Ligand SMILES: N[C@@H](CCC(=O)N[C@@H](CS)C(=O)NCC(=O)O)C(=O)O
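Shown below, as structure tokens, is a lone chain in the form predicted alone; questions about how it binds or moves come after it.
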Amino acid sequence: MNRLYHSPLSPFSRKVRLSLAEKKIEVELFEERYWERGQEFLRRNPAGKIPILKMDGRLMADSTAICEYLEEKYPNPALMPADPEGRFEVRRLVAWFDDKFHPEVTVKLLGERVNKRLMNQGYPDSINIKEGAKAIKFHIDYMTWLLDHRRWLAGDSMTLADFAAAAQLSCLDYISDVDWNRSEVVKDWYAKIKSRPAFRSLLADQISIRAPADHYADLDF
């Protein structure tokens, strides 16, 4: 059985979970307390990061590398365009959400409100929370601009770029930190993603220290 070492509110884990589920690849989920940096965990990935996918007799780390491996080995349904320009745009947007959105928004909202408590790292920093709340407005506005010109974030078809974005936003939606009233087009886009069968396991996620927002699993939020 394939196994994914993950954390429920890790957006990088969620990106891989969405790719696996969309491609109908069965996987056993193993929740990893990665912040404890246990020896077994570090043997699986000395970088000390999740997710880690155990598949085909090997351990694979880095969410983007995993998703591209899955795309090459299981090309249907495709999550990357066929043309080089389209693939570039998907990779650009995946990097945008992984490397820009995540530190500017997710770390400052989810990290302060949930992860600090989960990891016993002290109290939330109100300055970081304010910065994250401001930054998410910019990102939603950018997504609005993209979706005003395209059916999906990277073009006419749903791609890994949409999963990278949805992975971040779904973690924030769990704690009700997304103002869906700011952009109807982004809300409609998320509703399309949220209603896909691949999203079901994410909507069932729970963490011990905090219940999800009332609307979190509601497809008609």
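In this text, all values refer to a predicted model and were calculated from it rather than measured experimentally. All residue numbers are counted from 1 along the displayed sequence.
The same protein also exists as the form predicted together with the ligand; that form is not shown, yet it is the one meant from here on.
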Evaluate F12 for contact with the ligand in the model of the complex, applying a 4.5 angstroms cut-off between non-hydrogen atoms, and reply yes or no.
yes
4.5 Å heavy atom contact, W189 and the ligand in the model of the complex
no
Does D179 reach the ligand in the model of the complex, with heavy atoms at most 4.5 Å apart?
no
Non-hydrogen atom contact Y34 with the ligand in the model of the complex at 4.5 angstroms
yes
Can you confirm whether P103, S126 and G132, the three residues that make up this candidate site, all sit within 4.5 Å of the ligand in the model of the complex, judged by heavy atoms?
no
Would you point out which of 179-187, 23-31, 149-157, 49-57 contains residues with a non-hydrogen atom within 4.5 Å of the ligand in the model of the complex?
49-57
Determine the residues of 51-87 with a heavy atom within 4.5 Å of the ligand in the model of the complex and present them in sequence order; the list may be empty.
P51, D62, S63, T64
